[in-house]
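This document starts with one chain, in the form predicted alone, laid out as structure tokens.
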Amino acid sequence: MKNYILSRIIKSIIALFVVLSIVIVMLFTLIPRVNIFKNDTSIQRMKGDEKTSYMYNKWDELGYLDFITFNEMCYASSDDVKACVSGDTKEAADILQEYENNGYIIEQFSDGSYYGYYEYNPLEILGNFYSHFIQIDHPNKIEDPDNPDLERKYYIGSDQNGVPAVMCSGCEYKYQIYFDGSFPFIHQNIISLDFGTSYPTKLGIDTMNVIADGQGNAKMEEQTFPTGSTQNSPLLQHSCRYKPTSTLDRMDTTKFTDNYANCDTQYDSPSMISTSLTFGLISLFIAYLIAIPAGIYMARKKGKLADKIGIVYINFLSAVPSLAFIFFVKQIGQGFGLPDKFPHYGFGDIRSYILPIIILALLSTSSLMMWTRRYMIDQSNSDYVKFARAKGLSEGEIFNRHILKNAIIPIVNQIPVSIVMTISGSVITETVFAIPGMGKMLPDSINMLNNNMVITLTFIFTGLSVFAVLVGDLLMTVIDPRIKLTEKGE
């Protein structure tokens, strides 16, 4: 069994990176790269060389090509930099020829100065992406010429709450392993995944931070800083990164005794992924709580009034467009004084959650009821049920000890996948109620040509999905030990 699980994990990882690679190649080769500027308001105010330089620098930053100015060519490759940068010299001509021979396209700005760019092929695009994808922090990570005596070591220290933590000097992050009250309670900054920064929306912010950071206003709370100063601050000290000596200011030195002063801000509202997960899990729990007993009852009363009413309910929800149903329930809820938009009362008011959760739960009940009923009826017609009746077992015993146990297996198998789907959010419901969750992130990112965000979301959704399938299979073996996922001896 251990070998099987390991094999499935390896196959899942391979599948994940195959999907991710396909998406990366499609984004960078099938969509004209000039289209990424359609939603960039900054470039609309530019013209001439400024616009050209901005575009090539942005393409370089996003991984389409390698852009280099003529002066950079000289400093990188010339033995006589002064003669090279002066322009019309043999040294300059030789450098330009060298870059052309290496596959660079040489062009000129309107002022006559040269620049070059090398367009990456699909394999080079993938190589560049994966070369920096996994980031490992270590004591030699920081290079600060203004701080040559920087000590480089790991050590055990205490955070602002007096809780022990593994800390580092010379790493990018001061706190390498730390503990707090938020899930999963043990956190680390040693290994991270680099998907790049968001563009053109949430400009310059790491895509993972866009998804995982809080929202709303900065949350002020009393904290004690390394200098001993106690003050109200929104800083997350566990996130503090190294700040170059040349950029430290007086505000930093009043709080911190070292260069680890570049800290994230904590906010008073949950992140987008937490928001979607909250709505999704609560609605999923309610849906299962309603649909499973209802489907079971329909199966037991097959062909009777209760079953017919349930079938009408299933057909109604299946036939009515989701958007129409959402507005229908929304209109009823408004009659009871419930808000029609989430921001009216915000995260701190339970009324903000009621309508979206009810809608999400009800939309999920029809398929759950239908499949539960179908599985139950299929099992009821099995030979082992007929044999149990022939032995004289009561209908209650047959139902509870045999039919239900077998019928529930495929339902349990789908629970992990259903949970994963809640993380992606509900596009329509979150849009209608203006919920700041992940529901609209993927379609919006595609529409805005935010390549790095599309890649990040693809990785998250694909990774969670493939591993949810594995967890679902393992759950089946827990529910029914007779189910074997491997051949004998494996």
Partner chain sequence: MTTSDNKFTFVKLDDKASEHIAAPKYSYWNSVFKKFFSSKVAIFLLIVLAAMVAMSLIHPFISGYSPLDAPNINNPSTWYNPPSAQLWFGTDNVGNSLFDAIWVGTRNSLLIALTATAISTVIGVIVGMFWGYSKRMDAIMLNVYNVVANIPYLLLVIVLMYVLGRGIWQMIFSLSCTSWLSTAYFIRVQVMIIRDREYNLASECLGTPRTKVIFHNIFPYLISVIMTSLARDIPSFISYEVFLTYVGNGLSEKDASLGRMIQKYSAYMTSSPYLFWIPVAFSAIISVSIYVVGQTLADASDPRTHMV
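Numbering follows the first chain given and starts at 1. The term rigid core refers to the most C-alpha atoms you can superpose between the two forms while keeping them within 1.5 Å. Keep in mind that this is a model prediction, so the values were computed, not measured.
Keep in mind that the form predicted in complex with its partner chain is not shown, yet the notes after this line are about it.
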(request) Please check if residue 23 has a heavy atom lying within 4.5 Å of any heavy atom of its partner chain in the predicted bound form. (result) yes
(request) Report whether the minimum heavy atom distance between residue 443 and its partner chain in the predicted bound form is within 4.5 Å. (result) yes
(message) If we define contact as a non-hydrogen atom of the residue within 4.5 angstroms of the partner, is residue 479 a contact of its partner chain in the predicted bound form?
(response) no
(message) Considering non-hydrogen atoms and a 4.5 Å limit, does its partner chain approach residue 209 in the predicted bound form?
(response) no
(request) Quick one: find which of 248 to 256, 326 to 334, 118 to 126, 170 to 178 has residues within 4.5 Å of its partner chain in the predicted bound form by heavy atom distance. (result) 326 to 334
(request) Report yes if all three of 134, 163 and 422 come within 4.5 Å of its partner chain in the predicted bound form by some heavy atom, otherwise no. (result) no
(message) Using a 4.5 Å heavy atom cut-off, which residue among 62, 432, 68, 43 comes into contact with its partner chain in the predicted bound form?
(response) 432
(message) Give me the residue from 77, 102, 322, 108 that has a heavy atom within 4.5 Å of its partner chain in the predicted bound form.
(response) 322
(request) Note that its partner chain is not shown here; using its position in the predicted bound form, name the residues of 28 to 44 with a heavy atom within 4.5 Å of it, in sequence order. (result) 30, 31
(message) Please determine whether the C-alpha atom of residue 455 is displaced by 2 Å or more between this form and the one not shown following superposition on the rigid core.
(response) no
(request) Once the core is aligned, please say if the CA of residue 321 is shifted by at least 2 angstroms between this form and the one not shown. (result) yes
(message) How about residue 70 - superposed on the rigid core, does its CA move between this form and the one not shown by 2 Å or more?
(response) no
